[in-house]
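The chain below stands alone, shown as structure tokens; this is the form predicted on its own.
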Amino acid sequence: MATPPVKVYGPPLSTAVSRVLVCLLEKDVPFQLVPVNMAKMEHKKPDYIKMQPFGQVPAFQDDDITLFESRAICRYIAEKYPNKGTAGLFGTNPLVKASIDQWLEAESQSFNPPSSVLTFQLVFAPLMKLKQDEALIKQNEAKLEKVLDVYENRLGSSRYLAGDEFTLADLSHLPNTQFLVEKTDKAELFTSRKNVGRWWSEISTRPAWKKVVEMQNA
């Protein structure tokens, strides 16, 4: 079998890598996952820096195209393969795309900062034998609660964040939320909110995301 032209560089435990993986799986696009040993600083070596100038994961290749930044990669995948797999991940008209984009921005600018701090402090710091910063945890939990209150209101009138269909706006929340719900004692931040809990239950049980979780646990 020929090697798929799409290559994703990085470990599936990375939230940014898993964001790209679930998008590819939703779109039924074959890909090759190329390991990057971050403990050995492979992501800082010259050949890798040529693909990802900031020395982070993932890096993404599609034939002769190279991209970085997971949300931009997801937009590219959804646009390039509109008729494969899950339809409408990035909308079908300017208004829908704008709605998806505004919630992707909300995820990137409002949800991701506190949820990433909590994911690192509560999940990865213990694995790395690093001391947890309780003040930082408390501060970012409060920030995340405010964001989720906005989501709770939105999801009371909409099945998904950008409308009645599952899109990149929802998909982008999967990585950090998975860790916080399944690997920490902060699940109630999501499950105690009726609409957010219903939404999380729906998006986290999609077959594509289940496959990514299997890859993370392998």
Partner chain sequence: MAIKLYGTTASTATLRAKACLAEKGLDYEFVNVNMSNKEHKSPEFLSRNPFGQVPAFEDGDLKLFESRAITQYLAHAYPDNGTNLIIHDPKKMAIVGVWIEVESQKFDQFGSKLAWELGYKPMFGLTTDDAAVEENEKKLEQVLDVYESRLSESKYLGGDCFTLADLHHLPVLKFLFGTKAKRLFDARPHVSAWAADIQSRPAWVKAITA
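For clarity, every value in this text was computed on a predicted model and none was experimentally measured. Residue numbers count along the first chain shown, from 1.
There is another form of this protein, the form predicted in complex with the partner chain, and it is not shown here; the text below is about that form.
Checklist entry - Is L174 close enough to the partner chain in the predicted complex to count, meaning some heavy atom within 4.5 Å? => result No.
Next on the checklist: Although the partner isn't part of this model, could you tell me whether D101 comes within 4.5 Å of the partner chain in the predicted complex, counting any heavy atom of the residue?
Outcome noted: Within the cut-off, so yes.
Next on the checklist: Does any part of T66 reach within 4.5 Å of the partner chain in the predicted complex? Heavy atoms only, please.
Outcome noted: It does: once the partner chain is placed as it appears in the predicted complex, T66 has a heavy atom within 4.5 Å of it.
Checklist entry - At the 4.5 Å heavy atom threshold, is N112 in contact with the partner chain in the predicted complex? => result Heavy-atom contact with the partner chain at 4.5 Å: present for N112.
Next on the checklist: in the predicted complex, does each of P53, V147 and Y151 have a heavy atom within 4.5 Å of the partner chain?
Outcome noted: So, yes: the whole triplet contacts the partner chain.
Checklist entry - Pick from 188 to 196, 162 to 170, 35 to 43, 57 to 65: which stretch has non-hydrogen atoms within 4.5 Å of the partner chain in the predicted complex? => result This holds for exactly one stretch, 57 to 65.
Checklist entry - Which of L130, A72, A87, L136 has a heavy atom within 4.5 Å of the partner chain in the predicted complex? => result Checking each option against the partner chain in the predicted complex, the one that comes within 4.5 Å is A72.
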